[in-house]
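Below sits a lone chain in structure tokens, taken as the form predicted alone.
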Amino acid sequence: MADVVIIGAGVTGLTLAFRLMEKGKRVLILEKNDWVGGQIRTFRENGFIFESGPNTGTVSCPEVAELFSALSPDCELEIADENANRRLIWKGDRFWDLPSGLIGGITTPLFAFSDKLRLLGEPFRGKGQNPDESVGEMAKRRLGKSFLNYAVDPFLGGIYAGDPMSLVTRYALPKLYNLEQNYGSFIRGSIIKARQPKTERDRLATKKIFSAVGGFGNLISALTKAAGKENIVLSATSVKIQPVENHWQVTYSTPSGEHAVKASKVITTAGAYALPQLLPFIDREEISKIANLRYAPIVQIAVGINDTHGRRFNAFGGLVPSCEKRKVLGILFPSACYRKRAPENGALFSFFIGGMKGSHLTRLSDDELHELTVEEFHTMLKFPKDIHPDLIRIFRHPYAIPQYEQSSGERFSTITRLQNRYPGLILAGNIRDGISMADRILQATKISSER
């Protein structure tokens, strides 16, 4: 028996388990893989430290800082170097700095002159009336087409690997949507929000880019230790959840046989596509309103070079607008942001391929992806043809990033309705409440505080 059974040992499930166990709850975590962490895994090879999943997060809520504080000294928060403040956007045949000030905004070739002038009128433009307006439509209406193409499109490519014309603003970027709805303007709303008084706890949300010292794998290791390895079952397959009288019964299989556990509460953190099998007692038509969530497929490729021959990559990385028709979504520069991610004179890069607009590229063979990577290593990073990467490692994620599109409203209401109908059942994970690392930590912390 357990007080709570959690399905999934990713960052959401592990944080949930840790916080629930702090409150004295008996927790059992069931994980289908033979490792913990889900998509978060850190690898160490020949002086390189690289991720197979997320490379960074943003300290957008106090819960992030509080979690790392609670896990110290087993895991330490690492704030990115100031290089992370510099962002690059590809246009034509090179990366350009995304402007961060007035002079850069005036001189940048990224945006049309007419849109630069149009930006001056943004605080005085009327707010939108369509609650399901896409991010792309809103950006074009308020900022102009060049800002959509060379700021918003690559930004969403970096976060969602998605199509700005399909992602609905109030679901995908609720803070941006609320700035317009509450203050009538992105610029005016941002200024007002920045001036609002903050508590000491509010100030923990620094909005800075972060990782864990030594990689996010150390965060997973610390959470695993805190939750207790003995409370985690790996390689748990054929998991099924059923309501039985006044409790929940969860059955599952492992290499050692079939098992069953009773609990007063069950929390799923699995992907939407897994829920019909997990919850067979729910009507197929109703569960399909959650399971129809689309995911962007991603191939992430870690690329390392032992010696850059004096070339410097002092930036967070470079994003690629879809209108540029390249084969990569973007290239991050982890070794420019975090310590000891590459040999002293070397560099580590993370190439991202695929997404909603380039899903066909994720079906390339490893050899084809290797060839593509080397080609862009020379073309986009400007390494001479006689210099080759010393490390190339390919990671495939067919269900990488959920897309918060127009169907999200129906999904959220269905989740609420099911949770009300079946007390003790909680449907969590990135099917709701956001997709970022901070969103996962925040959601887990909130759920653990609920009675």
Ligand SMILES: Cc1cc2nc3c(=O)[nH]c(=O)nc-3n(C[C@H](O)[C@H](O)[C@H](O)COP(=O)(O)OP(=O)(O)OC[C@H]3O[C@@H](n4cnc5c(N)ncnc54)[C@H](O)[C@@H]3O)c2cc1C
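Just so it is clear, the model here is predicted, and its values are computed rather than measured. All residue numbers are counted from 1 along the displayed sequence.
Just so it is clear, the following notes concern the form predicted together with this ligand, a form of the same protein that is not shown.
Quiz prompt | Answer option from 28, 67, 426, 401, heavy atom within 4.5 Å of this ligand in the predicted bound form | solution = So the residue touching this ligand in the predicted bound form, by this definition, is 401.
Quiz item: Since exactly one of 415, 59, 49, 40 fits, which has a heavy atom within 4.5 Å of this ligand in the predicted bound form?
Solution: Result of the distance check: 40.
Quiz item: Heavy atoms within 4.5 Å of this ligand in the predicted bound form: which of the stretches 369 to 377, 265 to 273, 307 to 315, 166 to 174 has them?
Solution: That would be stretch 265 to 273.
Quiz item: Is every one of 138, 184 and 408 in contact with this ligand in the predicted bound form, taking contact as a heavy atom within 4.5 Å?
Solution: Verified in the predicted bound form; spot residues all out of contact, no.
Quiz item: Is residue 32 close to this ligand in the predicted bound form, meaning a heavy atom pair under 4.5 Å apart or at it?
Solution: Yes.
Quiz item: Looking in the predicted bound form, any heavy atom of residue 21 within 4.5 Å of this ligand?
Solution: No, residue 21 stays farther than 4.5 Å from this ligand in the predicted bound form.
Quiz item: Does any heavy atom of residue 352 come within 4.5 Å of a heavy atom of this ligand in the predicted bound form?
Solution: Contact check for residue 352: yes, within 4.5 Å of this ligand in the predicted bound form.
Quiz item: Just to confirm, residue 389 within 4.5 Å of this ligand in the predicted bound form by heavy atoms?
Solution: Taking the distances in the predicted bound form, the answer for residue 389 is no, it never comes within 4.5 Å of this ligand.
Practice problem: Let me know which residues along 1 to 30 have a heavy atom within 4.5 Å of this ligand in the predicted bound form, or say none if there are none. | Solution: Heavy-atom contacts to this ligand in the predicted bound form: 7, 8, 9, 10, 11, 12, 13, 30.
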